[in-house]
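Below you will find one chain, with nothing else, as structure tokens; this is the form predicted on its own, and questions on how it binds or moves follow later.
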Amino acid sequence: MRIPLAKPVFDEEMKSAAVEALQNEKFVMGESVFKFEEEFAQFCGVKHAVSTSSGTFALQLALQALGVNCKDKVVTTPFSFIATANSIYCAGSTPVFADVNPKNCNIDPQYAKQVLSNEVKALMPVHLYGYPADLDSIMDLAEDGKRVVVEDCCQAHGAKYGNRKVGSFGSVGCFSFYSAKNMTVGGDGGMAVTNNEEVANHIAKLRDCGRISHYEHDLIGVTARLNSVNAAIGRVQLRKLEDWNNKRRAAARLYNKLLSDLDEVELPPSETAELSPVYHLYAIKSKRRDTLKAYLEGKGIQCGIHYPIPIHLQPIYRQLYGYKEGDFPNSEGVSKKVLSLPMYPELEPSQIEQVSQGIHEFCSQTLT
């Protein structure tokens, strides 16, 4: 593809940091891990951060540390990557879905309110595509501590809601550093952030086999530690993240300008005075999504679909809970329309113009 969908960065500074960590630190839980945690907590504006081997584990261990158990239910969105719901299931709880707002593809608090019950002990909003969910309304549903909120920020590193970064609102915020994210660690990795020291310590213990000393364990934990070399790469990427996010916002503004005249294409929500997205993905909507995708890719423009199958219609969730088509119409509707266009910090204005030209050509041909 002449214009790829994403373009992860690995430069000489990251290579040097990786080699330095490999040569001079413990491979697991070395100095870089703890420095990365401190720096990421500061970036998010919280007191504590605990690294994990994936964003999925960050979500799962956060729920467990908050006391959510097999008797409880967790409300989340059916329109996300499957790991969101999997983390709830693997924590021993039951995911309960609430449909999305089709404009921003995030969980709709009105639908979330309808599925609340005494069994619901947690809410897990997802800041999908890097666009913040309605955190004021979600926090209201928590009812002053009656329920906990775990933010799935796995696509939203650095996004702001008001004057605070996402991840700092709920009891815990969780991030992924998978290689396609706004920042990575050169492999899988995750982070849980919180202002609660007890919860942070609990997550740290759970990710390290539940140990209280080298050979003594008082919890059933897992092996979900972050490797030192990954943390070293993450530290370098974190220093570049704000600049990268600003470039993504600039790219989104240019897309918005060039595509705003097309009635056939619905653009993602723009940044506002209160909401500052980070455009992990720039996802338009089109009723002719599949044909448009094929047309653009025929011109060397890679596109993606995030996500073609809502979680509740995945085979395993149909099998486990009996979900069927029509259960969450908004999620099912957007899953048939969303199309992710190329988006990464080094995307050139001329490339965005080329993508726009291809979409305009497609729309004019289908209208004639």
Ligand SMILES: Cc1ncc(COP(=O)(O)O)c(C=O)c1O
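We number the residues from 1 along the sequence you see. This structure is a prediction, so every number in the text was calculated from the model and none was measured.
Missing here is the form predicted together with this ligand; even so, the following discussion is about that form.
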query: Position in contact with this ligand when the complex is considered in the model of the complex, options Ser54, Gln64, Ser335, Ser340, heavy atoms within 4.5 Å; finding: Ser54
query: Answer option from Gln237, Ser176, Thr194, Thr76, heavy atom within 4.5 Å of this ligand in the model of the complex; finding: Ser176
query: Proximity of Pro277 to this ligand in the model of the complex, heavy atoms at 4.5 Å; finding: no
query: Any non-hydrogen atom of Gly189 within 4.5 angstroms of this ligand in the model of the complex; finding: yes
query: Val126: touches this ligand in the model of the complex, heavy atom cutoff 4.5 angstroms; finding: yes
query: Partner contact for Lys181 in the model of the complex: this ligand, 4.5 angstroms, heavy atom; finding: yes
query: Candidate spot Ala49, Phe169 and Ala204, all three touching this ligand in the model of the complex (heavy atom, 4.5 Å); finding: no
query: Contact stretch among 113-121, 223-231, 68-76, 153-161 - heavy atom within 4.5 Å of this ligand in the model of the complex; finding: 153-161
query: Residues within stretch 295-323 having a non-hydrogen atom within 4.5 Å of this ligand in the model of the complex; finding: Tyr307
